[in-house]
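Let's start with one chain on its own, the form predicted on its own, as structure tokens.
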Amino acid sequence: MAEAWTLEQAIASIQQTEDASQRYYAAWWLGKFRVEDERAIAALLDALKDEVDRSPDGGYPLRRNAAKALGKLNNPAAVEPLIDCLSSDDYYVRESAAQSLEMLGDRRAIPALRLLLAGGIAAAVKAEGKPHLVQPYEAVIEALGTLGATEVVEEIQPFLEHDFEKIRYATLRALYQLTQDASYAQKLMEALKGDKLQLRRSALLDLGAIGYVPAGTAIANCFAENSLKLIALKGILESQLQRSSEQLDADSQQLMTLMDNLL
């Protein structure tokens, strides 16, 4: 039913307060279909302040989905409200905001993201009574890498020793982006040989995100779903085409061949 909505119906659904599930899916719909209408942006920004939709743990489901949607709509009006969300008492709102700020690519977010690393790796422990850490470190570190926050290199390096593999991978990804030191990317390539499929998937997507061309063959040969390998190779190809001014150089052609073989 949701996919048959019009813009007006989606906005009306997100603005009403009687049906929490409708509001939640309306926010998802606006992001999924990348509805960049100013009315949609306004409705999602209002949803970031919602006090009605509360989960049993005290979180804000609608705010979470609104934050995710705003990252997909490429509107600078969302940057400051999403930065404000980084101080939310809902972990998942902070996580969604960090991910969306990464997508929006606005360096104004760097100071607020940096604050979430306060205390360093010693503070990066499980939140009391929660299934997650005290901060969404993976999302924050990835955002800082994408935003080119070279000033935080020394602050994120210690996270290479964190107990959680995904945080270590996020750190390798960010450090490669911030320093262009190939050793970080090569360690991500080594992770493609790991025993756990979930972690191989993470390494695949991280390599795709950083556009590391030498990883092409290793990605194609990784024991993971072809769909994910294609996503990673597509990310590398797009980065390579940007570096080569849209020209099909030898590296680009090799990447395209690897992709063709996976289809």
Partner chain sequence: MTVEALIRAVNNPESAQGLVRNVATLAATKDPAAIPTLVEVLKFNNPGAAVAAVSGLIEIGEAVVLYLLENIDGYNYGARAWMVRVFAGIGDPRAIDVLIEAANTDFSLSVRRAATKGLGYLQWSKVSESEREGQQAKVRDSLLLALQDGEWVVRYGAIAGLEGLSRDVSSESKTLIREKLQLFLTEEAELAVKARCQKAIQTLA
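Numbering follows the first chain given and starts at 1. Bear in mind the structure is a predicted one, so any value in this text is a computation, not a measurement.
What comes next is about the form predicted in complex with its partner chain, which does not appear here.
J.: I'd like to check something about Asn226: if you look in the predicted complex, is any of its heavy atoms closer than or equal to 4.5 Å to a heavy atom of its partner chain?
T.: So Asn226 counts as contacting its partner chain.
J.: I'd like to know if Leu45 sits close to its partner chain in the predicted complex, meaning any non-hydrogen atom pair within 4.5 angstroms.
T.: Looking in the predicted complex, residue contacts with its partner chain do not include Leu45, since no heavy atom lies within 4.5 Å.
J.: Closest heavy atom of Thr6 to its partner chain in the predicted complex, within 4.5 Å or not?
T.: It does not: once its partner chain is placed as it appears in the predicted complex, Thr6 has no heavy atom within 4.5 Å of it.
J.: Within a 4.5 Å heavy atom cut-off, is Val213 in contact with its partner chain in the predicted complex?
T.: No, Val213 sits far enough from its partner chain in the predicted complex that none of its heavy atoms falls within 4.5 Å.
J.: Report whether all of Lys234, Thr257 and Asp260 sit within 4.5 Å of its partner chain in the predicted complex, measuring from non-hydrogen atoms.
T.: Affirmative, all three are within 4.5 Å.
J.: Only one of 234 to 242, 202 to 210, 47 to 55, 61 to 69 has heavy atoms within 4.5 Å of its partner chain in the predicted complex; I'd like to know which.
T.: It is 234 to 242 that comes within 4.5 Å of the partner.
J.: Could you list the residues in 45 to 80 that come within 4.5 Å of its partner chain in the predicted complex, counting only heavy atoms and keeping sequence order?
T.: Heavy-atom contacts to its partner chain in the predicted complex: nothing from 45 to 80.
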